[in-house]
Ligand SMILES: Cc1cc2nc3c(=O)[nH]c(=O)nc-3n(C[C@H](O)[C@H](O)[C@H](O)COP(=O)(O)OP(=O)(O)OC[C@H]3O[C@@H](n4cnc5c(N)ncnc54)[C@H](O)[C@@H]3O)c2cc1C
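Let's start with one chain on its own, the form predicted alone, as structure tokens.
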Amino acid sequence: MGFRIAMAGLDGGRLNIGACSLGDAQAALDMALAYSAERKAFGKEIGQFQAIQFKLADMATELEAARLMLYSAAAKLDAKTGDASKACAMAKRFSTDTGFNVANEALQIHGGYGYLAEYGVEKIVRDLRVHQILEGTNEIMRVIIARQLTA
């Protein structure tokens, strides 16, 4: 029973890591939006190019989906539903992968400047990578989810 109690305590930590990922990814998106409005190429802001607009739109959409999944898992954990652990594992896996991918796209939008410390995006990318490992790796999240699906 002690193991079950300890594992249940991880659910809240997983949501916390997911929320941290989304906060950092939102900051990276905000940086990419600002940069795309100021950086010019071929005589116009890069944010006016459809390829950049599509990246930004996808980043915002994926962040919103991850945020809603995290909120749903938190509500299930608060209500102590039978599938709360599965929902927390799903939310942690999805939000940390999404957070890293969004930050990585923000770095791409910055181009070579994305690697410079003064822009701050490279630090966010490095910080978000570890979130895919903390509170159980995302591979372990998949094991938890699959076990509950097939039980």
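Note that residue numbering begins at 1 and tracks the sequence as displayed. Please read all numbers here as calculations on a predicted model, not as lab measurements.
What comes next is about the form predicted together with this ligand, which does not appear here.
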property: is_contact(N16, this ligand) in the predicted complex, heavy atom dist at most 4.5 Å; result: no
property: Contact label in the predicted complex: D24 to this ligand, heavy atom within 4.5 Å; result: no
property: Residues within stretch 115-147 having a non-hydrogen atom within 4.5 Å of this ligand in the predicted complex; result: V130, I133, L134, E135, G136, T137, E139, I140, V143
